[in-house]
Each structure stands twice: as structure tokens, then as C-alpha cells.
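As C-alpha cells, one chain now follows by itself in the form predicted alone.
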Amino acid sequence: MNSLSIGDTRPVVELFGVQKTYVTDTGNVRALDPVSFGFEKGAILSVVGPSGCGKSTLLRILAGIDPASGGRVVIDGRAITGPVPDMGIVFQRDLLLDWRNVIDNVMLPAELARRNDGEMRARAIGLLTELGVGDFLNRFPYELSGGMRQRVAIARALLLKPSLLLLDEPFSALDAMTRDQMNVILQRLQQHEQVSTLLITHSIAEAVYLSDRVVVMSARPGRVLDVIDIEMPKPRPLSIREEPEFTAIARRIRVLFEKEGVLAA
């Protein structure tokens, strides 16, 4: 397992031989071959791979939502056997409640945790302001653009200061310019919050730009093709994508996909 010198270098998340097979009426479907990797506290790790390679399955296993068929997941030294409470999750769909306005959507975790107080509300407003939607507290989801809705979803996921943030292709439905904007915002917010983050994406550029480490996955059944540490300093401007070091890492990942037949050479 590659090392990474960032903040506290103890692995906060470790996967050991995690695999997944789905049992169906027409036979077993092998989604994940044994997968092993880890990352450190305060880091961003991206899992990049083609559609159907088991990326989202891996995230659900890590969250304790979906049990693994084999192997184990360890978070902060504890083996995961069920849902993890100290965790924020953002999915491709924002899953905002249409009948609640922005601030009430963000405050929902505090209500469920019986922490609906002034301190939590102040944090919610602070997160929304940092995410650029502080002027829309009383708007409803249907009044917001897709990018704005995802900002609200990120604020909700971060409200209770989770130790781990899981992002399942949260920007894949956005246009290119909005996606770039969200990448910049996420980088800044993650550094400010210092939350350990796992990002599922099929975008090579997004993975390299945001991450301290990238896990490259094969087509189904998903297996690890490579684990690449990204040592470019942060914060990173979008223009870094034009730098030789960035393009070399992106090319390294692309070549792996070409060898797998995922991309045409």
C-alpha cells in the first residue's frame, strides 16, 4: 500500500481484499474482485474507472450500506460491520426534499440527531455561504440549478462535521463549466474542513485535480489497476491541468484504460 505524507499519516480508511458478488435469479454476478487500498486522515482519495466497474458498490460497502462478500473494511482501526454514523454522503442525485427550503434541508441531520440549535444553524449558514448559496436560504430545491442543489447537498453532508465524506459522482450531471466551478469549491471546502474524503468519479481530470491519491479501477469485475499518489501542491488552480506533471499523470491513467480496452487507443 503506497504511503502518503499528508497531515496525520495513519491510514484512516483501509480496505483489505474487499470483494462483492451479487446473487441473482440468472446466476452470480461478480462486481468486485479483491480490492485493497487505504488513505490517510484529511486526504482526498478518488476512485476512477469506467461505468459498471463497481465504484459505487465499493462506496456502499465502505459506508456499511451494502455488505462485502469477502474481505474487510477498517475505519479508524475499527472493522465496519454495518452503517457508519460519523459519515457524510453525497450521491449523483442530490436527494433534497422538495417541500423543505434550503436551510431546512441542510438542518435535517441536526434535527434527526436532536441537535437542532442555534449553533448548528449558524454552521449551516456558514457552510452555505462558503459554498456560494448563502443568499438562497429560503428558496426551495425546484428554484435552484443543478449545481446549486449539489452545493446544498454537500452542506447537508458536512453539517455534523463527519470524519469521512463519501462522494458518489456528485458532479457527473453538471455541465463542464459548472463542474469545474464545483471542483474548485470542493477543493477549498475540503481543505478548510480537513475531512477525509473518498470521491467516486469517471473523470480522469477531476480525479487528478482534486486528489491526493487516485485508485484506478478496471472494468467489471472491478480490480485495482494502479494506485497513484498525486504530489502536486494544494490549493491547485484549474490551470494546473495544462502543466506537464498533470498531463503525465492523466496520460498514465488513460494508458491503463487503453490497455484494458476501456478506451480506444
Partner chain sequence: MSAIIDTSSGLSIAARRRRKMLRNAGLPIASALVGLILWELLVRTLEVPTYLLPAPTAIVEALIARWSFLMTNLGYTALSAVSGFTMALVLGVVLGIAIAASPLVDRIVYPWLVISHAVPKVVVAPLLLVWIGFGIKSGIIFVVFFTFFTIVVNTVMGLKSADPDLLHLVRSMGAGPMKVMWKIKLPNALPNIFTGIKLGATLAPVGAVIGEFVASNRGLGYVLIQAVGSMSIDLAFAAVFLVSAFGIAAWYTAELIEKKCIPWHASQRGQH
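Remember, predicted model here, so these are calculated numbers, not experimental data. Residue numbers count along the first chain shown, from 1.
In what follows, reference is made to the form predicted in complex with its partner chain, a form of this protein that is not presented.
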Among A173, L108, V74, I125, which has any heavy atom within 4.5 Å of its partner chain in the predicted bound form? L108
Counting non-hydrogen atoms within 4.5 angstroms of its partner chain in the predicted bound form, say which of M148, V195, L137, I80 makes the cut. M148
Is I65 one of the residues lying within 4.5 Å of its partner chain in the predicted bound form, judged by heavy atom distances? yes
Heavy atom to heavy atom, is I89 within 4.5 Å of its partner chain in the predicted bound form? yes
So in the predicted bound form, does E143 come within 4.5 Å of its partner chain, heavy atom to heavy atom? yes
Residue-level contact is defined here as any heavy atom of the residue lying within 4.5 Å of its partner chain in the predicted bound form; does I185 satisfy this criterion? yes
Can you tell me which residues in 89 to 113 come within 4.5 angstroms of its partner chain in the predicted bound form, by heavy atoms? I89, F91, R93, L95, L97, D98, W99, R100, L108, P109, E111, L112
